[in-house]
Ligand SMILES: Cc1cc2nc3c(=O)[nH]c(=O)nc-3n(C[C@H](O)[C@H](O)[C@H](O)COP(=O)(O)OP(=O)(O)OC[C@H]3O[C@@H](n4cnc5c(N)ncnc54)[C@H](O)[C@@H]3O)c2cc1C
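Starting off, we have a lone chain in the form predicted alone, written out as structure tokens.
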């Protein structure tokens, strides 16, 4: 069903087993899991899919080695195992990432770590070689049987300086271990949504549909494009609104204080010198204040982050000048002679981690573990609410499985399918070796008569999902975008048609990496606005409104001003 058909379906058939509010990764993961079990489920979000906290992650799939100091062994074990599952299940979007920890001291933190573990020390402290070595041994041990990534290594100063000539010469060691790189979390969510809808005809996802209120056995939803309201009658409501969980519960009629989120911001820089200095490695280290920060390779750009600041209202989140100064001051700790400037910023983003409310002095102490907070039916409401609190991107599948199982129990249903080893979107039937990938692409090029280099671009962008895209492209006259030659008209039409694009910024910021990589210009904004507008039958007024909306989003949320060319 298309959007209008889906909306009409619920207006005529308001009964639904599960309503999920919030289309971040926890909501999307739960939606996919329930759809695979044959549950009629509706997922809604007041904005676009994966446009909040889940889009503002550090783009890493990791176990969280630093959480070992807090004694969160179960969380770290689960996360590193789920990291390995994601590398296997979404190989087109999650790649093994060699992570480098610069180590400047031998014994620092050797007494602080045990004190933190038993709760007698709350302030951050520098970790020396001994503590990092112990942590990495434990990290490796949690997934020894899976064998998805190599074990950690320590390299001495001389070797390190040879490999990274720009690194701080005061270095003593570098520790090396593997986690996962995830450049496009938004696309992972989009493909899981499509997988869920394909798995069961009565599983539907709608962006730009907000929660208005609830009473008795009904929930009133508002379609944000037209302003029209409609009601559904769920047996359970899953509140997956992330940082907005308490706000959503308030609309339903419950006062909760589940969330005590912290803000994390990031910059993406066009700094070729820094990009060359880190190679294909992430640098993961402590800033002067003890905060764990990172320098991360993102295609030909570099991402730096992240902050960890308390915030009251997630709608107020944006990257501040103070945070930019913080990031620019941290990089010289590792690369002291590389110049950074604000002119190098091509994109910035900020989000709120949906952490549980906690009374702590240091935000880093707040657990990244996940939990389901149950609000039972009462006199005003006939169904329970499951509020999904906390969690990490890496462990979303395990959390979604837990939520789905709890929902299945309520509905007196049994699990049919496990998601543990289930491929996501373009990771399905993904060729594992370079030779196999070349053969796969060659076969597709021969079948569609599309040039090999173009097939390569599509494969890198969409994995095996490039096959239906290439087939669609081959069925009509296609032209490359003049100001963005890596994309073509029919490719964009396919994405708009299949991936629920409503606004222009949906494509530029979440269905593609165009804005994130600094490839967006006034020229390709106008050119692609024409393509999307023609396909969606926008009037000239709508098209101009969408262009203005995109400019506004870029300025207010991402600090980017597009100059007229």
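Residue numbers count along the first chain shown, from 1. No experiment lies behind these values; they were computed from the predicted model shown.
Omitted here: the form predicted in complex with the named molecule. The next part is about that form.
Stretch 384-392 is the answer when you ask which of 384-392, 161-169, 417-425, 432-440 has residues with heavy atoms within 4.5 Å of the named molecule in the predicted bound form. Proximity of residue 210 to the named molecule in the predicted bound form falls within the 4.5 Å heavy atom cutoff. Within this chain, residue 244 lines the site of the named molecule in the predicted bound form, having a heavy atom no more than 4.5 Å away. The named molecule in the predicted bound form comes within 4.5 Å of a heavy atom belonging to residue 45. Of the heavy atoms in residue 56, some are within 4.5 Å of the named molecule in the predicted bound form. When you look in the predicted bound form, the only residue of 511, 62, 500, 516 with a non-hydrogen atom within 4.5 Å of the named molecule is 62. Residue in contact with the named molecule in the predicted bound form (any heavy atom within 4.5 Å), chosen from 196, 260, 234, 351: 351. Site residues 21, 52 and 264 are all in contact with the named molecule in the predicted bound form, judged by any heavy atom within 4.5 Å.
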